[in-house]
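Just the one chain here, laid out as structure tokens, in the form predicted alone.
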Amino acid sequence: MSPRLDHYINGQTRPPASGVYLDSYEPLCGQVSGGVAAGNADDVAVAVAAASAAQADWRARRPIERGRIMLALAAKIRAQSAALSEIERRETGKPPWQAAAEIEVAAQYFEFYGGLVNVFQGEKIDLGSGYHSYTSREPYGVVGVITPWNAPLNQAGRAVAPALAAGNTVVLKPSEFTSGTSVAVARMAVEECGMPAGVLNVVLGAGAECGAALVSHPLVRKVAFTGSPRAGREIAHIAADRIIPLTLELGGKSPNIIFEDADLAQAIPGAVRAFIINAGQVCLAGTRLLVQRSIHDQVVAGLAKAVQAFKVGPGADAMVGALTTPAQYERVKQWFQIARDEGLNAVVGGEVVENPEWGQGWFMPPTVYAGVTNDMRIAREEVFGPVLVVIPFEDEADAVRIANDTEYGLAAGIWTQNLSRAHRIAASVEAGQIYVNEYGAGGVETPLGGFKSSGYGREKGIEALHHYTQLKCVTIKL
């Protein structure tokens, strides 16, 4: 990673207009590692102007031509996987295996939409003799994409790939904590894969200044944002004033429901993975484990044993890495005190321990709390760390009531060997993704999005292309 990271605009590296750089950190050691351009409205204006100027040519290209460039970018991302993985490992604190897996998913987004765009078309509408009516899907123009720090290139690809495939140009604003791979891939696209300059631009900086300027810019006609509900509401206010569409993927406090007939040999390790992956820094994480009372104690004992088998640390053999930002590390530590104030004792974890292997890195022990009720703060608010609460329930109706008693609705898990029950619960739980007998299943092909305060709009799958295009209907009297 370069000591100083600059914007990438109109096919060129560009220093910040202010000349100011923000500190960047290495979570594995807890130290400042360099600087990131502190973008402002002036930088955003230059990037949006470049994207706007490039849009007509990009849109005019045949879909198959745009697809070829995106497929070439997918291949280049794979070829550079080791270098990109190392950037993400150092910026996010992920274990090497996880960083590599997320780089592969990013490549798959460009691959999927690079092929799919060739068959994404409108439809003919039959109005009877004398009329010819048809629809077409057209790009918005300049799309602003704002991504968080927990899965940098994965989430950038999730929004950027369908936006570009549909004929839009993009200004991407990644998190100031994890900007390296976004800049690297934008450079690959333009300098090595034939993407015209200005089609994909990356502006760096803090959300309050750089992100807000992007959403507010009059030439930005669509915004995709992934992040906290608080920031999502602020962006939604700006977008509402401008009357532009949004895709919002926000927080979650997802229920993961284990029924008494579940295969516990699968359900218990599955429940651990659901909250422990990426050190719990996942909006989809299954952090509320609802367990039928008849098997509650058995499951809690199994969780404690399973959690202790997951290695935490900076090593290549670790399953759980560091928290990504110093602020998030401090927030998760505060939750341990909140849990104690609510009368809870951790079954495992629950406090930061001294570990010589961890050094000064921002590592957090996976933690499980039992005896939790759904009205406690720790059951209602998103922790965004490796913290699981276990809540007992009596029957199906009780499970659904508890699962839906939340402001969020991003995902839910169901563990049962009763197929009818799986369908009943899936139909009743208010969430955009339902997983049965696995948690987090799916791929770039499966649509993703939330209910309630977890956001609106959809990413991934064919559905995403609908959200990055606007529908036009033409009717002709013959």
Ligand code: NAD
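Please read these numbers as outputs of a predicted model, since none were measured by experiment. So that there is no doubt, residue numbering starts at 1 and follows the sequence shown.
The next section is about a form of this same protein that is not shown, the form predicted together with nicotinamide-adenine-dinucleotide.
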Checklist entry - nicotinamide-adenine-dinucleotide isn't shown here, but in the predicted bound form which of A301, A208, A265, A83 has a heavy atom within 4.5 Å of it? => result A208
Next on the checklist: Looking at W358, F384, F336, Y329 here, can you tell me which has any non-hydrogen atom within 4.5 angstroms of nicotinamide-adenine-dinucleotide in the predicted bound form?
Outcome noted: F384
Item to check | nicotinamide-adenine-dinucleotide in the predicted bound form reached by all of S175, S228 and E249, non-hydrogen atom within 4.5 Å | outcome: yes
Checklist entry - Looking at the partner-bound form in the predicted bound form, is A101 within 4.5 Å of nicotinamide-adenine-dinucleotide by any heavy atom? => result no
Next on the checklist: Is it the case that W362, even though its partner is missing from this view, gets within 4.5 Å of nicotinamide-adenine-dinucleotide in the predicted bound form, heavy atoms only?
Outcome noted: no
Item to check | nicotinamide-adenine-dinucleotide contact at P148 in the predicted bound form, heavy atom, 4.5 Å | outcome: yes
Checklist entry - in the predicted bound form, does R288 have a heavy atom within 4.5 Å of nicotinamide-adenine-dinucleotide? => result no
Next on the checklist: So if I measure heavy atom distances to nicotinamide-adenine-dinucleotide in the predicted bound form, which of the stretches 309-317, 249-257, 159-167, 125-133 falls within 4.5 Å?
Outcome noted: 249-257
